[in-house]
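Next up is one chain by itself, shown in structure tokens, the form predicted on its own.
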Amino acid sequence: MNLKIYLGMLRKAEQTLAESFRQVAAGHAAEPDVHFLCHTLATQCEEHSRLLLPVVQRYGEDPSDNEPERIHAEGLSATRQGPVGLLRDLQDLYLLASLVDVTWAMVKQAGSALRDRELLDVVSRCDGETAVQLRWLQTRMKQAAPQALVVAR
């Protein structure tokens, strides 16, 4: 069963997203909404990883497969400065969250095929929170774009 590959990829992606949210929070502390909400979202991602543990214990976790490594996204190692930097950092977070979102979708399909109620309950909670993360990131980017792209020099 290859579900263990996607479970490993999902846990790694959630951990990477959490670390990246914290990086952006620290790098853009002058933006209070970004700072505090990124910390909240990082905690959410860590909780997602924790909620996956019973499922991983049942099915296993295989991070060694080469194919998922090709699509693994690197987290943010540094933040950029200024309005355009904030916009680009939010965009990077959006890309990472999109990877998490689509991976939840694949795991949900496997859970449905297996008729695994516990897995589907975890997916339902975590997938919904990831969707909210994506919506906030998109809204915050739309808010930042005019200042960053038109007004700032």
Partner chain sequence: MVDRIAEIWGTRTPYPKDGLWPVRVDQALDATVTEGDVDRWVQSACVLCSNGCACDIAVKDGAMVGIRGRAGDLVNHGRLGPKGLFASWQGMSGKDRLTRPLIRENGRLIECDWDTAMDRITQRSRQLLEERGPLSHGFYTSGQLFLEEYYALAVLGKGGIGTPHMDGNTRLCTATAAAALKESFGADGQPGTYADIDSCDAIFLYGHNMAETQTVLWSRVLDRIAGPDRPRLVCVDPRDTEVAKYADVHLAVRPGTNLALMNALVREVLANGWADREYVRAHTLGLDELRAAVEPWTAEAAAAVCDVDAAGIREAARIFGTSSRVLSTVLQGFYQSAQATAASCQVNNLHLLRGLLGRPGCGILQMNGQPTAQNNRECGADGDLPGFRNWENPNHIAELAALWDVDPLTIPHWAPPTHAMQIFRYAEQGSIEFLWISATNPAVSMPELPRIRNILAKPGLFLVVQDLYLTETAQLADVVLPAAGWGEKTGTFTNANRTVHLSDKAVEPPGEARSDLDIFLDYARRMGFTTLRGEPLLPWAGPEEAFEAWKECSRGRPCDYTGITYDRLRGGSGIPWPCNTANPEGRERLYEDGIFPTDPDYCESYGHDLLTGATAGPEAFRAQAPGGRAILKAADYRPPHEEPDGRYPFRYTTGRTAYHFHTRTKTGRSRVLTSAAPTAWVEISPDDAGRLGIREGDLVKVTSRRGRIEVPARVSDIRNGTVFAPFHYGYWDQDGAPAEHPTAANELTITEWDPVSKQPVFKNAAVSVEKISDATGPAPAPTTTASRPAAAAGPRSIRPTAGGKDAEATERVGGSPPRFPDAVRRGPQGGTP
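None of the values given here were measured: they were computed from a predicted structure. Residue numbers count along the first chain shown, from 1.
Although it is not shown, the form predicted in complex with the partner chain is what the next lines describe.
Undergrad: Would residue 102 count as touching the partner chain in the model of the complex under a 4.5 Å heavy atom rule?
TA: Because no heavy atom of residue 102 falls inside 4.5 Å of the partner chain in the model of the complex, the answer is no.
Undergrad: Indicate whether residue 144 is a 4.5 Å heavy atom neighbour of the partner chain in the model of the complex.
TA: Result yes; residue 144 sits at the interface with the partner chain in the model of the complex.
Undergrad: Might residue 54 be said to contact the partner chain in the model of the complex, defining contact as any heavy atom within 4.5 Å?
TA: The answer is no: residue 54 has no heavy atom within 4.5 Å of the partner chain.
Undergrad: So, residue 140 and the partner chain: in the model of the complex, are they within 4.5 Å at any heavy atom pair?
TA: Looking in the model of the complex, residue contacts with the partner chain include residue 140, since a heavy atom lies within 4.5 Å.
Undergrad: Looking at 109-117, 93-101, 37-45, 54-62, which stretch has residues with any non-hydrogen atom within 4.5 Å of the partner chain in the model of the complex?
TA: Careful reading of the contacts points to 37-45.
Undergrad: So which bits of 20-37 sit within 4.5 Å of the partner chain in the model of the complex, heavy atoms only?
TA: 30, 31, 32, 33, 36, 37, in sequence order.
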